[in-house]
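In the block that follows, a single chain appears as C-alpha cells, in the form predicted on its own.
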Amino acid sequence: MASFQTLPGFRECYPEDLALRSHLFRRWRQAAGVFGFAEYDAPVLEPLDLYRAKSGSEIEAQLFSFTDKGGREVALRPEMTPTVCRLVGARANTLRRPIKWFSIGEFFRYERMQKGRGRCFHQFNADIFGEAGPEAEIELIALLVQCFAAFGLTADDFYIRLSDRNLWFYYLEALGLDEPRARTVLTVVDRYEKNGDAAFTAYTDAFGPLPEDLKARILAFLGVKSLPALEAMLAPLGAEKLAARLAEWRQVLTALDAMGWGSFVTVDLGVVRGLAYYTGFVFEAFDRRGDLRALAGGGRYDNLVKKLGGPDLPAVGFAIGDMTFSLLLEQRGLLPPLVSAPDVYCVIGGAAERLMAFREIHALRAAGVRVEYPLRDLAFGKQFKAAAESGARLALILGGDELARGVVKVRNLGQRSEVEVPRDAVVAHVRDFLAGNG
C-alpha cells in the first residue's frame, strides 16, 4: 500500500502547531486593529504576468507556476505586494486616504530550503497608500515594533535597521556618479555584508575599476550608524537634496523616539533591499544575537501601483514571516503554553443520567464554557482519570443520586474540593469560578 508524505518545504499543522500559529495571528491582528488598519484577503492563485510585470521574467524560477486547464499562465502567490497594489489600484478613486490595509496569508516560493524558510509560509503584511511624506513610514515602523513587542520582545531581542535608497542616490550623485553607476553601487551595497570586497566585482564588470577614493567614501557612508554621524558626513557636500532628506530622517527618528520606540531603531545604510522597486526609506528587523535571518522587511515603493496599471499612488509596506518569527519566540522562551484544555469535564452516571446531563452540557457551552464529556459510558474511575488528564479545572459529577436531588457536584480538580450546586445555578457557579471569583 502506498505511503504518502508531505512535499519538500511544505508544512503540516497538527493542532499544537496550529495553536501557535493562531496565537501569532491573533496578536498581529490586534496590533493592526489598534493602529486602524483594515484587513483584506485575495486569491492565492494569480496571473503569472502580474509577477513578471513587477519583477521581470527571472522571477519565474522562484515560483510555483503552471498553465491551468483554461490555458492561462498562473502562479501561486510568492508575496502580497503586487496583489494589494492591484486591489488598491482598482478602487483608488473610491477609497478614503490614507489607505491602511493589512493581511495574513499563505505564500509559496520554489526556493532552496533553509532555517526559517520553507516553500510555503505565512506572512503578516501591512501597507499604507496615498501618503507621500515620512508620516507613513513613522506609522508603519511603529506598527512593526508593536507587532514584536506584543509578544514580550524588547530592544534586547530585536532591532530595526533603517536605511534610505533616496539618500544613497543623492549621496552618489554628489560624488559625481550618474544613475546607472549609482544603481550598480546599490547592488554592491546589497551584497557587501555577505561578500565583502568581492561585491565590488559587479561594478568592475560593468564600468571598470572604481577609483579608490570613491570606494573609500562609499564604504565610509556604508559604515554610518547614527544620525549625528550621517549629518556630519553629508554637511561638507552642501547639496539641497541631501539637506531636505536629512530633515525627513530627523522627523522619522524624532517621532519614533517620542513614541518610545527609539531604542529599537538604528541607522544602518547597509540595508538597501535588492528589490529595485523600492524608492525611499527601507528597513529590516533582525534579532540582536544574529542567529536568524531577517525577521521582517519593507520600505517605500511609490511607483509600483502605477507600474501595475493603477493610478500614481505613493505606498509603503512591510511583511513579517511566521517561520523565523516563531523561531525567535522559541529562542527567547516566549512561546506560551498553548494547551487546548476544557474548562469543565462532566462525569456522568449512566445512560439515563447522560440524557439529563445534556441539559447542563448545552447550557454551559451556550454560555461560552468549554465542556467535554465521555462519548461512551465509562466507569466512574475511568471518567475521573480522563477528567484529570484533560486539564480541566472543574469536574461536574452528574450521578443518579445527585440528579434525583436536583443538584450537581462541582469538584475543583486543582484543590480536590467539592460543593453541591442546584442544577439551575450550575452555569452561574461555573462562570463565576472561571472568572476568578470561585
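What you see is a predicted model, and the numbers here were worked out from it, not measured in a lab. Note that residue numbering follows the sequence shown and begins at 1.
One more form of this protein, predicted together with histidyl-adenosine monophosphate, exists but is not displayed; see below.
TODO: Given that the partner is absent here, state which listed stretch (91-99, 117-125, 221-229, 260-268) has heavy atoms within 4.5 Å of histidyl-adenosine monophosphate in the model of the complex.
DONE: Looking at the other structure, the answer is 117-125.
- [ ] Go through A243, A294, A150, L327 and name the one with a heavy atom inside 4.5 Å of histidyl-adenosine monophosphate in the model of the complex.
- [x] Exactly one listed residue reaches within 4.5 Å, namely A294.
Open item on the list: Between K307, R183, R86, R109, only one gets a heavy atom within 4.5 angstroms of histidyl-adenosine monophosphate in the model of the complex; which residue is that?
Closed with: Answer to the contact question: R109.
Task: Residue contact check: G317 to histidyl-adenosine monophosphate in the model of the complex, 4.5 Å heavy atom - done: Heavy-atom contact with histidyl-adenosine monophosphate at 4.5 Å: present for G317.
- [ ] Give a yes/no on whether R273 approaches histidyl-adenosine monophosphate to within 4.5 Å in the model of the complex, heavy atoms considered.
- [x] Yes.
Open item on the list: Is it the case that G321, even though its partner is missing from this view, gets within 4.5 Å of histidyl-adenosine monophosphate in the model of the complex, heavy atoms only?
Closed with: Contact with histidyl-adenosine monophosphate, yes.
Open item on the list: Please determine whether Y170 contacts histidyl-adenosine monophosphate in the model of the complex, using a 4.5 Å cut-off between heavy atoms.
Closed with: Y170: no, not in contact with histidyl-adenosine monophosphate in the model of the complex.
- [ ] Note that histidyl-adenosine monophosphate is not shown here; using its position in the model of the complex, name the residues of 63-84 with a heavy atom within 4.5 Å of it, in sequence order.
- [x] Residues within 4.5 Å: E79, T81.
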